[in-house]
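First, one chain by itself: the form predicted alone, in structure tokens.
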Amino acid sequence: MSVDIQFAPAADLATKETPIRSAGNVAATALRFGSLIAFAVILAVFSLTAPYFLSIGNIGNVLGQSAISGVLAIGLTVVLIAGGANVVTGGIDLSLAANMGLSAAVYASLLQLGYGDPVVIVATLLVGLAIGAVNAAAVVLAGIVPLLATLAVMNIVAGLELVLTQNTVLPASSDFLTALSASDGFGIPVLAYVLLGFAAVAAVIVQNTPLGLRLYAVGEFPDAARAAGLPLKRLLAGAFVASGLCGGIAGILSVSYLSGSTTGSGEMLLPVVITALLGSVFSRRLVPTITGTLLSALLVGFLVNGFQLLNLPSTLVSGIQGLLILIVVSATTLLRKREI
């Protein structure tokens, strides 16, 4: 006795799956390259409607104005890479904006006490590193979810800033700050070069070194990284410390840009998170990258600048940012489910 097993014709399966697969591939391609097209369209629209939008001076201003948020977003990107893109259970650092505020307050306070720039710069960077170390200890040693750990640290740091500044503006000036806030012969701010140089160094370290590859492995494939013998806790802790260092650097840039320490640094948090998350769409694999975060920071900067040149309400920018992040997160999630 024999049993005849009849398989479905391969050609039928191919004809049923091909349109679905093709549609999915088109959607994936559109998502991966649509962000660059959208960036180009935004530049084209503003250049046609706003005079001087694409002038060298205006582009330099956008780069300079994006320096603080760009450095903070790069720090957050490092944490996203090492901790995973899940902002609830993975990598997130909500204390970055508060870190910048306290670092700026320390910088301005020490300058007012008569310390020189070298001492003040080192002290400010140490403050940023210390905040990053506290985050690392809370997440790695205490095992607290990064979202809650950095939220608690954010409130502590914000409170320390209020105690130090008494909720007042601390003016600051020095030769270093004057040089940092200057512009070159083309009208391009020094802060623009600082952003590009910092992003280039970070991109080389994160995207072109074994250390960067290990950070991606820890964030995306923790089980495989553990099986390979990678020190997961040390790498994750290092990412939070690096993020803290970025907060300290951003604090120095903030003092230079605003000529002192001002309150309200918490308002920077949401734009920084949006910038870091949006950066994924500029990556071919839809993962956080330093270059993607830089492009995202410039996209947000050009949006704000274009709205200002056209005298449109700046509040619309927040709405557009929220809409962009909703579209990107939804599309990325659907795309990953399809790939799984």
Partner chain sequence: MNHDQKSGFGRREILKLAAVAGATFAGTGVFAGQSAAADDDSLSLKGKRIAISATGTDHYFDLQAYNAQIAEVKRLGGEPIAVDAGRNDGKLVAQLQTLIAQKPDAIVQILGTLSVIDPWLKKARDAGIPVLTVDVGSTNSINNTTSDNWGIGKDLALQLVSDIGGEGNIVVFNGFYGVTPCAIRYDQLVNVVKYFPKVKIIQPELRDVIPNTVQDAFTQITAILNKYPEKGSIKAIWSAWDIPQLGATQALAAAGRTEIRTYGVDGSPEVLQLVADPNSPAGADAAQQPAEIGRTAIRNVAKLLAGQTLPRETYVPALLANKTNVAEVTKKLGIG
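Numbering follows the first chain given and starts at 1. Computed from a predicted model, the values in this text were never measured in an experiment.
From this point on, the text means the form predicted in complex with its partner chain, which you will not see here.
Heavy atoms within 4.5 Å of its partner chain in the predicted complex belong, among the stretches 162-170, 212-220, 235-243, 100-108, to residues of 162-170. Its partner chain is not shown here, but in the predicted complex it comes within 4.5 Å of a heavy atom of Leu309. In the predicted complex, its partner chain sits beyond 4.5 Å of every heavy atom of Ser174. Within this chain, Leu258 lines the site of its partner chain in the predicted complex, having a heavy atom no more than 4.5 Å away.
Among residues of the shown chain, Thr289 is not one whose heavy atoms approach its partner chain to within 4.5 Å in the predicted complex. For the marked spot (Asn61, Gln65 and Asn305), a heavy atom within 4.5 Å of its partner chain in the predicted complex is present in each of the three residues. Shown here without its partner chain, the chain has only Tyr52 in 37-56 lying with a heavy atom within 4.5 Å of that partner in the predicted complex.
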